[in-house]
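Consider the single chain below, provided in structure tokens and representing the form predicted on its own.
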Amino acid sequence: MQINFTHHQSAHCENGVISNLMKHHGFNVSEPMAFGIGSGLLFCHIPFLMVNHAPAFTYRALPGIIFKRFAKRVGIKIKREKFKNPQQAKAVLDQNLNNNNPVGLQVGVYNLVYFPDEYRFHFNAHNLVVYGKENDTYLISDPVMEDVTTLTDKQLEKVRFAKGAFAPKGHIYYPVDFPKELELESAIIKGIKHTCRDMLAPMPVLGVKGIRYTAKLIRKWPKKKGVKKANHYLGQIVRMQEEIGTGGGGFRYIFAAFLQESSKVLNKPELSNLSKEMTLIGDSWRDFAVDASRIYKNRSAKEDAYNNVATQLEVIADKEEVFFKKLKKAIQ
């Protein structure tokens, strides 16, 4: 069983799966377009959820939501299934492959044997495509990898049924119905409005307010939690921003590319200017990550280093507040 499937590398797994599956079905949807229409951009601190013994921070919408929103807005239908029984999960996967249908899977990262060791940690919201099977080996298109790869029957089962936060439970998904043409213009506008709403939300842990709240936490951590724990928490923020297939800058560069592409589709040159502005904001996030990483690697020569990176975050929050207010106005 091998489907004629073309692998394209991407910056982020879920966007890459959407883009690759759409291209397979004849719709040339780029990774940034999938991300932007699906309102993937976010900042959220989830204080009650611990991941790798540190509070959760996310720069993107929850796993699966990007594809769900994208599908609804462009007019396609997706089928999703989760399972208690690994044998049933395998049977549904094999049936799809027999039907010449590549599928998306949600998996855990820790036991992905083709990942370098430094990227293998307990994170259960990774996405990949399975496009075939040879004997007991599945053919894998993981969008964050340069080339296609493989997993044995047992290896795939292990990552499909990983335990912990966001446990995949064998989650399989694939598009089942398409319009003649995708409704891109209205979908882009809905995607942008939703992102502006999220980033300017009045909730203290979400969007711009969430960034400011996180800056306050960073100032308190060394005294309240001790330096060792404070460093671990700071490392968590940077890892979620730069290492989990975000395209860098906590997805800000991908969102900038989406605005650039959207400016042509909607014939709105102001979106192209805002794209450049978002790229600069992405640079600010990167600078923050570099300075924060120096702290938790004990290489920072700056006095008052925690307050320094907290101030950087507050400046980023100010920039993003101005940016999303302008973007909201541009799309009205």
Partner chain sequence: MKKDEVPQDKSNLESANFRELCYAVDENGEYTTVNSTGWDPKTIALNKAIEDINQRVEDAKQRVLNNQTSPIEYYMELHKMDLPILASYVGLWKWRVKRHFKPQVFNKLSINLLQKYADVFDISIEQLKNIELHAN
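Residue numbers count along the first chain shown, from 1. Just so it is clear, the model here is predicted, and its values are computed rather than measured.
Form predicted together with its partner chain: not shown, discussed below.
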Taking E31, Y110 and S293 together, does each of them reach its partner chain in the predicted complex with some heavy atom inside 4.5 Å?
-> yes
Can you pick the stretch from 185-193, 89-97, 207-215, 255-263 whose heavy atoms fall within 4.5 Å of its partner chain in the predicted complex?
-> 255-263
Could you check which residue among R286, K268, K68, H45 gets a heavy atom within 4.5 Å of its partner chain in the predicted complex?
-> R286
Heavy atom within 4.5 Å of its partner chain in the predicted complex - the one residue of R219, K133, K169, R239 that qualifies = R239
Given that the partner is absent here, does S10 sit within 4.5 Å of its partner chain in the predicted complex, heavy atoms only?
-> yes
With the partner left out of view, is L200 within 4.5 angstroms of its partner chain in the predicted complex by any non-hydrogen atom?
-> no
Examine P175 and determine whether its closest non-hydrogen atom to its partner chain in the predicted complex is within 4.5 angstroms.
-> no
Flag N273 as yes or no: does it have a non-hydrogen atom within 4.5 angstroms of any non-hydrogen atom of its partner chain in the predicted complex?
-> no
Could you list which residues of 116-151 come within 4.5 Å of its partner chain in the predicted complex, counting heavy atoms only?
-> P116, D117, E118, Y119, R120, F121, H122, V144, M145, E146
